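Listed next as structure tokens is one chain, alone, in the form predicted alone.
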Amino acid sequence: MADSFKLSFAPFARLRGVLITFCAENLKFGSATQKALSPIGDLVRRAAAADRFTGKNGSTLDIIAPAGLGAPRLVVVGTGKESGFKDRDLVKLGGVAMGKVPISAAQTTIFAESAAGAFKSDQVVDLALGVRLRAYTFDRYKTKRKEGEERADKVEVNFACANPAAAERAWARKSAVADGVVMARDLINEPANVLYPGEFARRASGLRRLGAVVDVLDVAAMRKLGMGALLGVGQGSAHEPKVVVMRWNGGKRDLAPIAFIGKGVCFDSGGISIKPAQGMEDMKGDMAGAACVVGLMHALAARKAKVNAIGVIGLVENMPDGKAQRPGDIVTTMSGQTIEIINTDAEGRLVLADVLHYVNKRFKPRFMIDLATLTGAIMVALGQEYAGLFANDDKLAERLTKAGEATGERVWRMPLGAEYDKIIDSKFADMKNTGGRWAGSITAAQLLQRFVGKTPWAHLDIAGTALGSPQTDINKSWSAGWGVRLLDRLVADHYER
């Protein structure tokens, strides 16, 4: 999409292609919008009356070929009552606007103005972010299109605004986040025969172009480190596991880094404890946590964030080969702790156990946040509206919650407690990798907590939000690239100096 989609910023006088404007309730427009619409007189009011359109937030009025306007289509987007806009409100409005642009349209002009006046530059780029995310498609493997599905070869969306130069500067930063989300979506949407651990590692290594330092650990290196849990998951696959370490050093040299860890199971068959056939194809997305970390590291590097950040992803396939690990096996983790395998489909926590310990020991970070499509149990608890948040640090949990509210990528804190540890105690090893049906997402988090020591840590169970994502005004893809905007906001608000 990057090559065929372009955003630009220009003065209000310029008008090209489909025209999109905003209005408050009772059809109140800004002055620049009124001037632009003056050639068509009271056409908008007559059309609104006929369609019972009043300007309610998120509603739209679509007028095709308005005579005298010089645009093939006019779309009016309602903003509701005249009040302040939150960031996520503007992102949503941008998505609503882009959703009304025909896929065959090559050019669109969006008047970045509310009834109260022109949007400020940071508001314009929030609109632009919504437009960019809504415009995303993943159809690279389609060789034929049905009638009416033909897309323009190149699409340009122009924002008419009060200060184009300032908006352009602000977009340079915001576009880095948009690109990170798109990168995460692409990775998650790819089929597993294309995106296996080695290919995933190759794509993540592309961050070197932005100035990030990237190292890839192979099986020999992991064996030397003692990553028995991670290697156990991958031993049944023809594709060897990888661990990718991405470093962005944009902060003060002597300041400890912040760390993000992602589960990267490129395909999860369940292993010997094989999953049911129905829906197994979705397990190509069991690496969504790793995809988010790569997208986040791209965003931080591309916008030259003033922070030292580490992103580490454990990449494996979980397959039922003759060499695959079995229920009853016992593996020794890098930390020296042992885990009895009860169910080979509880594999993500094994990958994260070794990677969390590795990051903690090697980099001594200020905090660690891991992301994983870890349990179906979290979907039973929270559905697809919130990700599960588990944390050993109240301040980190609070900051994540606020960043979630600001971006719309919301988290809900779940409990941790010593009582749950009893459920995963093993008769034969230090712990077992699953405690059964009850409190499944909590016991998974309890296991992870045993590998973080005293370092502030948060675990995000994103099984419900990251793949098969809800269709929204800014996402019509199978994956929303969930988490990139949340964590970028967390970093921007609290950790850049």
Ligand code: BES
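Bear in mind that the values here come from a model prediction, so they are computed numbers and not experimental data. Start at 1 and count along the sequence shown; that's the residue number.
The same protein also exists as the form predicted in complex with the named molecule; that form is not shown, yet it is the one meant from here on.
Engineer: Do heavy atoms from each of D345, T375 and T434 fall within 4.5 Å of the named molecule in the predicted complex?
Structural biologist: Heavy-atom distance to the named molecule in the predicted complex: all three under 4.5 Å.
Engineer: Is the gap between R349 and the named molecule in the predicted complex 4.5 Å or less for some heavy atom pair?
Structural biologist: Yes.
Engineer: Does K361 reach the named molecule in the predicted complex if we count a contact as any heavy atom within 4.5 Å?
Structural biologist: Residue-level check for K361: no, no contact with the named molecule.
Engineer: Considering only heavy atoms, tell me if D126 and the named molecule come within 4.5 Å of each other in the predicted complex.
Structural biologist: No, D126 stays farther than 4.5 Å from the named molecule in the predicted complex.
Engineer: Would A458 count as a contact of the named molecule in the predicted complex, using a 4.5 angstroms cut-off between non-hydrogen atoms?
Structural biologist: Residue-level check for A458: no, no contact with the named molecule.
Engineer: Considering non-hydrogen atoms and a 4.5 Å limit, which listed residue (M283, A118, L217, L389) is close to the named molecule in the predicted complex?
Structural biologist: Selected residue: M283.
Engineer: Exactly one of A172, A256, A105, M379 has a non-hydrogen atom within 4.5 Å of the named molecule in the predicted complex; which residue is it?
Structural biologist: Checked against the cut-off, the match is M379.
Engineer: Have a look at 263-271, 389-397, 240-248, 88-96 and name the one stretch with heavy atoms inside 4.5 Å of the named molecule in the predicted complex.
Structural biologist: That would be stretch 263-271.
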